[in-house]
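Only one chain is given next, in structure tokens, and it is the form predicted alone.
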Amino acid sequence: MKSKFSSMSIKNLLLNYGVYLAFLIVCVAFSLLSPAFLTTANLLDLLRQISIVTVVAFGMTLVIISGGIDLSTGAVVGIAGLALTTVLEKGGGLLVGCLVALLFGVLFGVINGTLVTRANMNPFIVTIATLLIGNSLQIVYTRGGLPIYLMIPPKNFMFIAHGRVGGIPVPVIILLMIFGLYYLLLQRSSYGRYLYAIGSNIDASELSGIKYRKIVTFAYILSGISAALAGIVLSSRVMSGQPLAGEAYLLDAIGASFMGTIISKVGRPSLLGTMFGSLFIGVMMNGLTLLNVVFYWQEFAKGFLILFILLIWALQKAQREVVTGK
């Protein structure tokens, strides 16, 4: 009996805290294998590296909470960067360029949200379609995928990705600001309560008087704005507009967003979970880079990590169904 109880306790421990344990093991391993891993410079660089994908993932999290998905964020990242660098190349100011970039995010959000809520289309199919359209427009606009380079990048443009305030990289500050704004929106406003209610049961929420079309559409708009903001930071980092540059961040953003459901006791996405997921993926990539592991083995490790997360999620879901009888 004691042995059975112990095995059940270990199983529950792994199901509830397996992801945290894996993260701790990875951190300890990298700190032992690379003396540079735990240095202040590397940790700040790690946060700067994950800032773009995390901002995208925060917007994606809002959509996932509503019961949808936004795959068009990869296209929005690239389009926003191209829009900003185009305005700067034509002699426009940074503020105008950023506003134009953000407007593209709003446009994609409105289109996605309207098609999902008004036309009752599947969000997966809708956002795949807008992703493909957005990618095609980038190739057409850049005449086959030629980057837009700035001969003399403005200093304030460079500051977005390379500047520091009080020793903290500006992208990290942007990341924390978006987290704070979205956290207040989800946890301290009626909008957040409505969004979670819609994700739990859209029919019941509609019967209770929640205007789900406006709520969900706004979530897609915020996802588009987040992706556009990430595109602004990315273009500042590489000092150019790179077509299809957002593709590299899409899958990582999805993985980070879904990790929020893993660490949640009630099995629903959260910003803290998304932050943790992005940090986990970032730590894995950063540590492997410090160890000079080639990129294809880094991709292998990332895929293995995502499968591990999905396995934990599946086991947790099965356990909850046994407990609740559903």
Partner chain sequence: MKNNSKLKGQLKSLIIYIGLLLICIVFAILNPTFISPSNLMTILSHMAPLALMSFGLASVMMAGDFDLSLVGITGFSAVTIIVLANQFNLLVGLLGGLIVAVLVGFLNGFFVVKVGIHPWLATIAMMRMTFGLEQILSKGYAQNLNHPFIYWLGHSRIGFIPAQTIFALLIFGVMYVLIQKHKFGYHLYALGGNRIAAQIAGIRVQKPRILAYMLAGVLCFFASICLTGTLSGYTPLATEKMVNDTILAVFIGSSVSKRKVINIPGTFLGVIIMGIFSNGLALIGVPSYWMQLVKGILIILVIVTSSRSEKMVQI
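Worth saying up front: this structure is predicted, and the values here are computed from it rather than measured. Residue numbers count along the first chain shown, from 1.
What follows is about the form predicted together with the partner chain, which we do not show.
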- Query: Has each of Ile25, Ile160 and Gly167 got a heavy atom lying within 4.5 angstroms of the partner chain in the predicted bound form?
  - Reply: no
- Message: Please tell me whether any heavy atom belonging to Leu234 falls inside 4.5 Å of a heavy atom of the partner chain, as the geometry stands in the predicted bound form.
- Response: no
- Task: Look up in the predicted bound form whether Pro123 has a non-hydrogen atom within 4.5 angstroms of the partner chain, and give yes or no.
- Result: yes
- Does any heavy atom of Ser66 come within 4.5 Å of a heavy atom of the partner chain in the predicted bound form? yes
- Task: Indicate whether Leu311 is a 4.5 Å heavy atom neighbour of the partner chain in the predicted bound form.
- Result: yes
- Message: So if I measure heavy atom distances to the partner chain in the predicted bound form, which of the stretches 194-202, 151-159, 86-94, 221-229 falls within 4.5 Å?
- Response: 194-202
- Note on the structure: From Leu186, Ile174, Val100, Leu137: within 4.5 Å of the partner chain in the predicted bound form by heavy atoms is Leu137
- Message: Just to confirm, with a 4.5 Å cut-off on non-hydrogen atoms, which of Met239, Leu107, Ile210, Leu251 contacts the partner chain in the predicted bound form?
- Response: Leu251
- When the partner chain is considered in the predicted bound form, the residues of 294-312 having a heavy atom within 4.5 Å of it are Phe295, Tyr296, Trp297, Glu299, Phe300, Gly303, Phe304, Ile306, Leu307, Leu310, Leu311
